[in-house]
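One chain is shown next in structure tokens, namely the form predicted alone.
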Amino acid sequence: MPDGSKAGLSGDIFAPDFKDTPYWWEAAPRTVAVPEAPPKSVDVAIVGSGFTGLNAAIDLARAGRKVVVLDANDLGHGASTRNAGYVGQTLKHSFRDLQNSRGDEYAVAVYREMKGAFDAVAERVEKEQIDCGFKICGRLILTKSQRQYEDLADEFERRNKHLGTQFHMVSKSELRNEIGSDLYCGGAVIPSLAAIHPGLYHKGLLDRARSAGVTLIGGTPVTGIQRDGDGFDVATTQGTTRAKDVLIATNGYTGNLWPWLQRRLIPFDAYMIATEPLDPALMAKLLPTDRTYLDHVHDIISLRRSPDGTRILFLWRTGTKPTTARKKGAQLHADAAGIVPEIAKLKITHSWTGRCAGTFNLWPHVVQHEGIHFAGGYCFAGIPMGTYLGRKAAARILGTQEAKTIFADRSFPTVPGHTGSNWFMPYVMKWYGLADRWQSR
């Protein structure tokens, strides 16, 4: 890939109306939060107003619980309205790796729940009638070498055999029907996967939470959580609320609120750009099938059309050192042009970042520790897992049979000396890059 570190510094690649905020906020702008005191007492206090917190809040409120959602920033300021908008059924642990380490039954159980997480998004959107561009458009996973191509084919042949996952392999000669790039040797199309407008999905969840009677408070950081008898005192900058149960749903934005959790999460930044609108004929040439596109690599590279079909959205350089939106945007612009050369002629209208979180065992988690509930650590599966585990966390608080999940109460490890800093992430991503180049040779 080209190094875009010095590209575009003249400003030629930036549109006159360039913004350093997410493209998604154009259709779903953030409402500036007014700090306010929480209720004196609630049944459930949820910290974090993203997909996890809102999905949990809706289910809890509809079950008759008095719920407050608290956020340090504007409601939905974080990663839920900043991500790429992919709705998939894949973990960092491949089906093959789970087969080899734990056997067929375990691998099937995990990936059936991933299908359940995908379905949770589809069902929420359909039942709540949320207009958010949810579309089953299929995904093309791209490979640069025969080794990668065979590895990908083997993975999906196993999923097809055990789960019925439909796919078809695409040869190099057929790729131009899928993407305007000569960089790849082939790939796999998974037709059942989807895309969404995350900003509008979040807006729909906010609206449904309000309608369910949830108290939503932004601009009011939680400063401490203290257990007292059979409940918790949740302190904020505007006062304290007494809660029977607490759910932490802050993921990459958790900070030092709960040191036990901080030692188990690895926060990292992801970066995206949006291009100016394209002529429809050019879009049909560059991304003719309107799928979502991923490289078959550890260091995720993604490319897609905007939901209205007018722009190209590109994500890469996750976990690299932060810099200005313009500098990172220039890097991503050059990277995208290294894949689809004609992107070099397009200007950038938006360049932004969002903070995600991984875990040391690369598993998402829904847990209860010392009475406090948590769901997160999604490792690049934020939309389906945030929806699914948010609802599982609610079921665990309610004590219903729907609470059962393979992602609950597994070992949630840390490493000696880790206190929540992500200083090592650029080195991890460099290692991933080396591994990807080795596989691509």
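What you see is a predicted model; the values in this text were computed from it and never measured. Just count from 1 along the sequence shown to find any residue number.
Note that the form predicted in complex with a small molecule isn't included here; everything after this is about it.
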query	finding
Listed range touching the small molecule, judged in the predicted complex by heavy atoms within 4.5 Å, from 408-416, 50-58, 35-43, 391-399	50-58
Partner proximity in the predicted complex: Phe118 to the small molecule, non-hydrogen atom cutoff 4.5 Å	no
Non-hydrogen atom contact Ala209 with the small molecule in the predicted complex at 4.5 angstroms	no
Pro221 within 4.5 Å of the small molecule in the predicted complex, heavy atoms	yes
In the predicted complex, Gly358 touching the small molecule (heavy atom, 4.5 Å)	no
Joint contact, Asp71, Tyr86 and Ala381 to the small molecule in the predicted complex, by non-hydrogen atom at 4.5 Å	yes
One residue of His77, Arg159, Lys328, His296 in contact with the small molecule, assessed in the predicted complex (non-hydrogen atom, 4.5 angstroms)	His77
The single option of Leu257, Ala188, Ala122, Val108 touching the small molecule in the predicted complex, heavy atom within 4.5 Å	Leu257
